[in-house]
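In structure tokens, one chain follows: the form predicted on its own.
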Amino acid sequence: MHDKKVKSIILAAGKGTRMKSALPKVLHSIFDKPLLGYVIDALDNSGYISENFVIVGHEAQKVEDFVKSNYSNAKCILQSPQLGTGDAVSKALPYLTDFDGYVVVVCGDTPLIQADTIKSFVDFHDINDADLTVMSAVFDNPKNYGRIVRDKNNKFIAIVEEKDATPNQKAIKEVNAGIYCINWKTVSEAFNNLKNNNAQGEYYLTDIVKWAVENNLKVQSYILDNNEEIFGINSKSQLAQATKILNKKSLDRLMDAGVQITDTDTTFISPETTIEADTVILPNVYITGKNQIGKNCKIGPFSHIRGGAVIGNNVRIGNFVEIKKSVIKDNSNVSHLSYIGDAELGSHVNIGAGTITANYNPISKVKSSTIIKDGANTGSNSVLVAPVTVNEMASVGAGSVITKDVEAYSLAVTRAPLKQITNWVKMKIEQLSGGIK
């Protein structure tokens, strides 16, 4: 464990033209979580990062709004115009004037990077007493990546972008992973000496390697074990690929922990969801956000859990059920075609098919809570208009619209009295057949 302070610079200013979207690239989501969120969380969860600087540019306000709403240890810095990755990092210079520690630079569109990898990377940099460490990876097909160039003694001397590379350099299989650990006190001066004499007329972050070599500083490369972690998102197709990679890791982790997933091809579960052993996940279940699901539950098929759900043990969630930001305690059932949102269900609660917790007022924009206490039940096609409480052991009749609290052990029914018109069908048939003029 090193004793240096560590901060990060996250590159999040790009437009992401190939995404073909008005939304900034780093705000595109996997499991309802923006790409940038995965990167910041990986840095924070490494346990090393004390502060994150997010370099914003395209749609800067949207990106800053996301950061401010979700992270207290992150500050956005504007890059305008966008003149390359080296220029982007240089925008943080005024905020790190007296900083004596390490700075990790990472791209904001790499959602598969893991906290343990960040930690190992910083440890490697520290143990080797490096001034600059570049994360690298080896690919059989290194197309589109900057190449790690070494001299005849295998010493790391430069990174060359593919568009500037010679044929021999393009044959190199070790590539730049786009993540750097910088001894800020010795290397920060490099950002005042970058040149833009390249094919794009931009200031490349990769040129700090050449500067460090020329100034006799110690440059290292840390070869990544799992190349998937540096998978960058530049298109909707790559977003879909990353989603599948992340989902497979999530499903494998859950199955290793004793969860039964019936069909891994149609089941999607966010990596922030925890599920205990002997719970069965049926086909076409989609779980996003952060949720807790207990043991011996049955979920699905075709269920959607949207985040903020805390589900106890022995709970049954039927087919075509949607659950959002709700607590469901042990031994309760939510039957098919129901919506449970902003609700708290006690134990041994039975929710009849088609029950809706009407939690949202579209005029006031306010979301209110529904509380259904232990042992209560609702009949099919009930609507509970929040805020409302159904007390212990109460029963709601099928087809009822509940707008007031229901007393314990009571039956609440709001349906209209049954009216029968004798022989109505017979008369209609006769009319259609011409039997009655």
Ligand code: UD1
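A quick note: this is a predicted structure, and the numbers were derived from the prediction, not measured. Each form is matched to the other, and the largest set of C-alpha atoms that superpose within 1.5 Å is called the rigid core. For every residue, the number given is its place in the sequence shown, counted from 1.
Here the subject shifts to the form predicted in complex with the ligand, a form of this protein not shown in this document.
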* **the ligand in the predicted complex: contacted by all of L83, D109 and I159, heavy atom 4.5 Å** => yes
* the ligand in the predicted complex: contacting segment from 201-209, 357-365, 182-190, 111-119, heavy atom within 4.5 Å -> 201-209
* Using the partner position in the predicted complex, report whether K426 sits within 4.5 Å of the ligand, counting heavy atoms only. => no
* I305: touches the ligand in the predicted complex, heavy atom cutoff 4.5 angstroms -> no
* Taking heavy atoms and a 4.5 Å cut-off, does L384 contact the ligand in the predicted complex? -> no
* **R18: touches the ligand in the predicted complex, heavy atom cutoff 4.5 angstroms** => yes
* Sort through V285, I311, L254, A88 and report the residue having a heavy atom within 4.5 Å of the ligand in the predicted complex. => A88
* Which residue among Q220, N234, Q169, Q292 has a heavy atom within 4.5 angstroms of the ligand in the predicted complex? -> N234
* Structure fact -> Those residues of 9-36 with a non-hydrogen atom no more than 4.5 Å from the ligand in the predicted complex are L11, A12, A13, G14, R18, K25, V26
* Asked: K173: with the rigid core matched between this form and the one not shown, does its Cα shift 2 Å or more?
  -> yes
